[in-house]
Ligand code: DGL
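Single chain ahead, by itself, as structure tokens, in the form predicted alone.
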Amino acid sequence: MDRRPIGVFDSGVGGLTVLKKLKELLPNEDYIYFGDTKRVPYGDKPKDEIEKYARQIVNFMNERNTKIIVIACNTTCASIDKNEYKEILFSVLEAGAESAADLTKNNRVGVIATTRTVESGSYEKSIKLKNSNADIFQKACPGFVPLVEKGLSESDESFKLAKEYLKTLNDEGIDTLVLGCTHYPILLNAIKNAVREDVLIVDPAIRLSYDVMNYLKENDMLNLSNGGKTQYFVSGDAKKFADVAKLILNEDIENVSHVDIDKY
């Protein structure tokens, strides 16, 4: 048994969609969540900058004595080399790619993600490693993250933007669509409205949460005591984060602490 917390981090509130799945599957675990709300969005930032951010956040997680770290940010996953870290890291991008490769029937897979993730080609490479017959069609959706961070996921603007972004992928005849940014499940209604009814929408957080559970089981690291506590940390406005987090998690978020992440 290992009572240390699980670390989860993202550029902002999007990673809460991953945290929610983890808490459903592993309710006894304690969690440390960090949202880099001061520097969000990551999607238009250069690779070396995101690598620096990741190092700072991992250093912060080590200070909080986390047993594993879940990278709930596709842009970060697409920008760093996990092999350069000694920590046990779980990648939401790898989980999403594996899900899509397994689930597509016609081998035409759509990926919506940030500009940085799309330009990295990480999803295409990862999906083709698992399914070499797959054709990957990607679309950068830079306008999505700011809308989610402002709590506007159900707005007319979100529905209109989703229609614009997804038109080309619909035209390509995809049967599977990967939500390649953890902010995007929060826009699920707008995205569903914009794609054909027969398109299977993949939320990588589902596969990722099972990967984490299986790893903890296999390595005797599950917390079998009465845990279930989550601490929230942000680099930006704690009140604004708590307001949006409440909408995503359907629970009051009270213990949000501000962190000067640059000192790490």
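Numbering starts at 1 and runs along the sequence shown. What you see is a predicted model, and the numbers here were worked out from it, not measured in a lab.
There is another form of the same protein, the form predicted together with the ligand; it is not shown, and what comes next is about it.
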Answer range among 51 to 59, 223 to 231, 66 to 74, 194 to 202 for contact with the ligand, defined in the predicted complex as heavy atoms within 4.5 Å: 66 to 74
Have a look at A95, V145, A190, V111 for me and say which one sits with a heavy atom within 4.5 Å of the ligand in the predicted complex. V145
In the predicted complex, does F34 have a heavy atom within 4.5 Å of the ligand? no
Does the ligand come within 4.5 Å of any heavy atom of V212 in the predicted complex? no
Using a 4.5 angstroms cut-off on non-hydrogen atoms, would V40 count as touching the ligand in the predicted complex? yes
I'd like to check something about V178: if you look in the predicted complex, is any of its heavy atoms closer than or equal to 4.5 Å to a heavy atom of the ligand? no
Which residues within 181 to 220 place at least one heavy atom within 4.5 Å of the ligand in the predicted complex? C181, T182, H183
